[in-house]
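Next comes just one chain, in structure tokens: the form predicted on its own.
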Amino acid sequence: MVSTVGTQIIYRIKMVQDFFYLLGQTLWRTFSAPYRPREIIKQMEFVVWQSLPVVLFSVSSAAVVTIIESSFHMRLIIQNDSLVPGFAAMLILRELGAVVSALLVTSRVGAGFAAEIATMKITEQIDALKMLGIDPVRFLVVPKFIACTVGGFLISILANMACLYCAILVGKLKLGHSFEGFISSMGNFIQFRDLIFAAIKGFCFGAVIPLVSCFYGFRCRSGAEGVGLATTNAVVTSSVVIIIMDFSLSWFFSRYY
């Protein structure tokens, strides 16, 4: 029993060490030539352009539900929903837009990355790259890392803007708030720095997705079951790390509110 627990602890510590080694190798190669702009643009299309429809639809729907529920409960408790625009805008910018977007991108992009690398691992394509003198981290991870960090930044901004637009639209059509009144109430609760903080969160969340996904892909075991397990572990771990990072960044940014 003790030996089993000790083995698991050593295994987990080794995993953490391997992950930070991959992180260091990725960062080092990200800022050193040669670069692969075509591959980066290709990955950007996959991360941003192909993810935007589902991300914008999902976060906008969440924003609509948030403002309607907030209005309902405020009218029920204090018989006044004049503070709804401000509370909804604050919730959208500080949490909903960036976090929900990142989790959606994780489930789509992270799973794709993990499955791709895992398949290359079990079919010995990664070993073939090494035999040809090609660094797998530079060739496979760096373009994905750059695309996801930049893409996470852009998606976070676009998602938050879409959420705010839907909130204003619902406030005007459903709740009876005027456009000017909604904007004025928002201005009492949020500032431009809230959008900047949300974009920074998106950037950080985007950096997590390819690192975790490729890490589990490189560690994939043989067989179809190994690919499925690597993909599952990548999505679950990325989601947990994003939630932990969100808490940490929110606590840090709270000093500047």
Partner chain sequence: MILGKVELQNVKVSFNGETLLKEFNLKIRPQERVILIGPSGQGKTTILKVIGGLFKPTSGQVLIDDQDLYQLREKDRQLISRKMGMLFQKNALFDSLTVADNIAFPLRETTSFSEEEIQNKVNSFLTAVGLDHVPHLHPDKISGGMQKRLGIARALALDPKIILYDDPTAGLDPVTSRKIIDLLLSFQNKISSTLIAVTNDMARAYQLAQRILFVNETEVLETGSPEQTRQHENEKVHQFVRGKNGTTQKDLHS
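Numbering follows the first chain given and starts at 1. Being a predicted model, the structure only gives us computed values, none of them experimental.
Missing here is the form predicted together with the partner chain; even so, the following discussion is about that form.
Worksheet item: Wondering, does residue 135 line up within 4.5 Å of the partner chain in the model of the complex on heavy atoms?
Response: Because a heavy atom of residue 135 falls inside 4.5 Å of the partner chain in the model of the complex, the answer is yes.
Discussion item. Against the partner chain in the model of the complex, would residue 123 count as a contact residue? Criterion: heavy atoms within 4.5 Å.
Written reply: Residue 123 belongs to the contact set for the partner chain.
Worksheet item: So in the model of the complex, does any heavy atom of residue 74 sit within 4.5 Å of the partner chain?
Response: Residue 74: no contact with the partner chain in the model of the complex.
Worksheet item: Taking heavy atoms and a 4.5 Å cut-off, does residue 193 contact the partner chain in the model of the complex?
Response: Taking the distances in the model of the complex, the answer for residue 193 is no, it never comes within 4.5 Å of the partner chain.
Worksheet item: Using a 4.5 Å cut on heavy atoms, which of 90, 169, 129, 183 is close to the partner chain in the model of the complex?
Response: Selected option: 129.
Worksheet item: Counting only heavy atoms and a 4.5 Å cutoff, which of 149-157, 90-98, 107-115, 135-143 contacts the partner chain in the model of the complex?
Response: Only one stretch passes the 4.5 Å heavy-atom test: 135-143.
Worksheet entry | Residues from 23-40 in contact with the partner chain (non-hydrogen atom within 4.5 Å) in the model of the complex | The stretch touches the partner through 29, 36.
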